[in-house]
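Take a look at this single chain, the form predicted on its own, given in C-alpha cells.
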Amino acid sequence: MPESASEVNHAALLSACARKDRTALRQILELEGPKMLGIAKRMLRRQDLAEDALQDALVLIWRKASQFDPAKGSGRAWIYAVLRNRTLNMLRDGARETATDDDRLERQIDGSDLNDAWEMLGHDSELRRCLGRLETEKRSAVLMSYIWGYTHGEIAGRLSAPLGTVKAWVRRGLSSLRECMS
C-alpha cells in the first residue's frame, strides 16, 4: 500500500469502486478522509455538517464511480469535486442553519432583532435612507435574508406570506436598493 495520497492511483481506486470493491472505498476514506473532512468543515463551519457532507460524498463516490473519466481529469480531483459539490448543495439547501438559544429565537420571531439591525444603521447613512423608502414587507424580507441569512422559505414562514411573494419582495427590494444607491 502506498504511503501517501500523492503516491496513490486514485483512478484505479475509482475503477475498483465502480466494480463494487469495498476495499477501494475504504482506501479512499483512509487516505483522503481527514483532508476531505477538513475542507467540508472549513466550508460548512460545523463539525456535524462536515461529517454528513463527507459521508454523503463517499456514498456518491461509491454510486457514481463508473462515471469518472480519466481523460477529463485526475481521480483525486474528481473525488474532491464530488465533495465540493455536495458541500455547496448543503449550503444552498440551508443545511447550515445554526442552533439558537430560545431567548434569541423569540426576539427574532417578534422582530426586535430586525429593529435592532435597522437601528444600527447610521441615521444619515445612504443604505438606511434607501431601505427606508422600501415598503415594510420588502425591507423586512431583505433584512432577514441579508442580516440573518434566512432562506426565502424561512422568511415566508416567519412573515406568514406565500413563498412567491417573499421571493418577489426580496428581488424587488434589492432592485430598488440598487437603483437608489447608484
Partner chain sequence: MKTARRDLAELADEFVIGLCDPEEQREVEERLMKEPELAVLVELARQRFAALDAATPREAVPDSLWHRVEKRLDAVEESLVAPEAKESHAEAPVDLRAEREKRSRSLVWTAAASLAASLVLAIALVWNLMTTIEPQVIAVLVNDAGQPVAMIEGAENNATEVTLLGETDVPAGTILQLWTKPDPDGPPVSLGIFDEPKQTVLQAAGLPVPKPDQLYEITFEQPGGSPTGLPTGPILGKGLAREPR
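Positions refer to the first chain, counted from 1. All values derive from a computational prediction rather than experimental measurement. Take the two forms, find the largest set of C-alpha atoms that superpose within 1.5 Å, and that set is the rigid core.
This next part talks about the form predicted together with the partner chain, which is not shown.
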The partner chain contact in the predicted complex: Leu44, any heavy atom under 4.5 Å: no
In the predicted complex, does Ser140 come within 4.5 Å of the partner chain, counting heavy atoms only? no
Using a 4.5 angstroms cut-off on non-hydrogen atoms, would His123 count as touching the partner chain in the predicted complex? no
4.5 angstroms heavy atom contact with the partner chain in the predicted complex for Ala12: yes
Residues in 143-170 close to the partner chain in the predicted complex, defined by a heavy atom within 4.5 Å, in order: Leu143, Ser145, Tyr146, Ile147, Tyr150, Thr151, His152, Ile155, Val170
Core-aligned CA displacement of Cys17 at least 2 Å between the shown form and the other one: no
Taking the rigid core as the frame, does Phe68 move its C-alpha by 2 Å or more between the shown form and the other one? no
Taking the rigid core as the reference frame, tell me whether Met144 has a CA displacement of 2 angstroms or more between the shown form and the other one. yes
